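Read the single chain below, which is given as structure tokens and is the form predicted on its own.
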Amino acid sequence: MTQTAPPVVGFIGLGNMGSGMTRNLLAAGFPLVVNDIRPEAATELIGRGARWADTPAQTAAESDVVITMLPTPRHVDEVVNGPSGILAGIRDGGTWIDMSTSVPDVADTVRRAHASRGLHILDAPVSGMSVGAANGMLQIFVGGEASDVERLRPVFEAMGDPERILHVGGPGAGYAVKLMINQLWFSHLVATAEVLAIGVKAGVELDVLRDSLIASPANSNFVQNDVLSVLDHGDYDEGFAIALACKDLGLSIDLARSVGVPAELSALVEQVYRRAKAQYGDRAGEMTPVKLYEDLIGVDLRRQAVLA
């Protein structure tokens, strides 16, 4: 029985997320062609067998599937539509997967302008941070045609947890789901920081307050797990910069505006995040709003069980 050779995967964007994702694609046996604005970001991958492409166009031309993992919609637009962009190299009927946290506009424009080329375009943003990218356990939320999702499932499974690769709807649905996940997580963070700061300032021991929250209907995965990064280690997660968190919050607000849904709470969370960015700098971690509240009450929120 003849085995079908795995598709050649082109990957553009070798930052904190893309570097781990590409290592896992190589480990799973996919031939890999890579491109990044920083050639040095590809050194390790080339040493492991990946090929370097000088431009996004060359990446697409040498690949069966081209993936983008980029910081903002503007970067996606430049990489796709620029003079040496993906569209200049991708063959008719080719496949482009955008795994960036973005909005539908760029991909929708490509679909409309190049409808005659038969391109397969999917949006597949991820959750799981750089740790999930490194260990191949990302959550992936895919928007696109069901037949394309199934055809590309082996590619997704090389980068993500097979149980958490979800086909969430048609084109654009992946972008929307990821923005809503981010928005709710950031809202959990701000609400939790505010509650912990008020309770501690009122004289309640931090451990007692958190245990009480966990035992109550107000419990959440954030209170039970995610906030421990700060409470146990003083780690505000610099692996994901607050400038990118603010970008994501802005995209979420833009999405709300585009569909005509008021987003008063989300807008307030965005303001808190932008205040933290202004105070601590663009490269501060995505959990730095907790530090805003710590500085306001003059107390670092740390669990006594860990300090002991």
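All of these numbers come straight from a predicted model, not from anything done at the bench. Counting begins at 1, following the sequence as shown.
This protein has a second form, the form predicted in complex with a small molecule, left out of what is shown; the following refers to that one.
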- [ ] May I ask you to check whether G13 falls inside a 4.5 Å heavy atom distance of the small molecule in the model of the complex?
- [x] yes
Open item on the list: Residue-level question: is H188 within 4.5 Å of the small molecule in the model of the complex, judged on heavy atoms?
Closed with: no
- [ ] Report yes if any heavy atom of L25 sits within 4.5 Å of a heavy atom of the small molecule in the model of the complex; otherwise report no.
- [x] no
TODO: Would you please decide whether Y280 lies within 4.5 angstroms of the small molecule in the model of the complex, comparing each non-hydrogen atom pair?
DONE: no
- [ ] Heavy atom within 4.5 Å of the small molecule in the model of the complex: which of V65, A61, L244, A256 fits that? Just give me the one.
- [x] L244
Task: Sole residue of V227, I97, V126, L196 within 4.5 Å of the small molecule in the model of the complex, by heavy atom - done: V126
Open item on the list: At 4.5 Å between heavy atoms, only one of the stretches 271 to 279, 256 to 264, 43 to 51, 235 to 243 reaches the small molecule in the model of the complex; which one is it?
Closed with: 235 to 243
Task: Three-residue site H75, V79 and T101 fully in contact with the small molecule in the model of the complex at 4.5 Å by heavy atom - done: yes
